[in-house]
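For reference, the chain that follows is the form predicted alone, supplied as structure tokens.
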Amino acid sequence: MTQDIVSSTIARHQGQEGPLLPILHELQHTLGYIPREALPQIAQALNLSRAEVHGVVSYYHHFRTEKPTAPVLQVCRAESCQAMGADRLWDHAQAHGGCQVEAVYCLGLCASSPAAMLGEEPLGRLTPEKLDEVLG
């Protein structure tokens, strides 16, 4: 199943200019991660070395190579969110459990600080109490 998804994703983007990032983004979106086993296949299809593909995957913190064990909550730790209480939110999210908490540095939601993303859902003006409601 995963192999089929990787193959079809590569085929869909292979003819584009600069297909590596679109392939990685689509795999991350579809599977929730980029399987390590897919890196050689991607490298071969794009005529890149494994090191080049690994370098791109490891450079961008957005990409993960392990399947998340719980829903992923990305808490913005950039200046605007920090000024509006992101540190308190970060501590609360880590203590809450039930989700995999990751730091990100700008979600583009500065006007709604502090912000986070739960999966693909943006959450603005988030407080620890609202986070409890969202996480259940």
Partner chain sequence: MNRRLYVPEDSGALAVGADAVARAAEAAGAEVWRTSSRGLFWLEPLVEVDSAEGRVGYGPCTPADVAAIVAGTPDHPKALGPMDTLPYLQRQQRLTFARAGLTRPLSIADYEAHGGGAGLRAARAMAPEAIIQAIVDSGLRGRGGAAFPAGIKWRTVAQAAGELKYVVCNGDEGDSGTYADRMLLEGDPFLLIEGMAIAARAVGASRGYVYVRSEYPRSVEIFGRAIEVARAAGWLDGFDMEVRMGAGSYVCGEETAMLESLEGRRGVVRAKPPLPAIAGLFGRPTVINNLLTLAAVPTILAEGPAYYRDFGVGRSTGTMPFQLAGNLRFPGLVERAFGVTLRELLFDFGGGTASGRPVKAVQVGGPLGSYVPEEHWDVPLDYEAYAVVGAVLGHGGLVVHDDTADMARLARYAMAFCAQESCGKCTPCRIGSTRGVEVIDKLLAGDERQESLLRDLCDTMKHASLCAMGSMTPLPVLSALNHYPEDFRR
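Numbering follows the first chain given and starts at 1. Predicted model, so just to flag it, every value in this text is computed and none were measured.
Below: the form predicted together with its partner chain, not depicted.
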Checklist line | Check all three, 36, 67 and 136, heavy atom within 4.5 Å of its partner chain in the predicted complex | finding: no
Checklist line | Heavy atom of residue 128 within 4.5 Å of its partner chain in the predicted complex | finding: no
Notebook entry, point to check: With the cut-off set at 4.5 Å between non-hydrogen atoms, does residue 78 touch its partner chain in the predicted complex?
Noted result: yes
Note to self: Please tell me whether any heavy atom belonging to residue 50 falls inside 4.5 Å of a heavy atom of its partner chain, as the geometry stands in the predicted complex.
What the structure shows: no
Next item on the list: Check whether residue 62 has any heavy atom within 4.5 Å of a heavy atom of its partner chain in the predicted complex, and answer yes or no.
Entry: yes
Checklist line | Candidate from 101, 84, 45, 27 lying within 4.5 Å of its partner chain in the predicted complex - any heavy atom | finding: 84
Next item on the list: Scan 97 to 133 and note down the residues that get a heavy atom within 4.5 Å of its partner chain in the predicted complex; none is a fine answer too.
Entry: 104, 105, 106, 107, 108, 109, 110, 111, 112, 117, 120, 122, 123, 124, 125
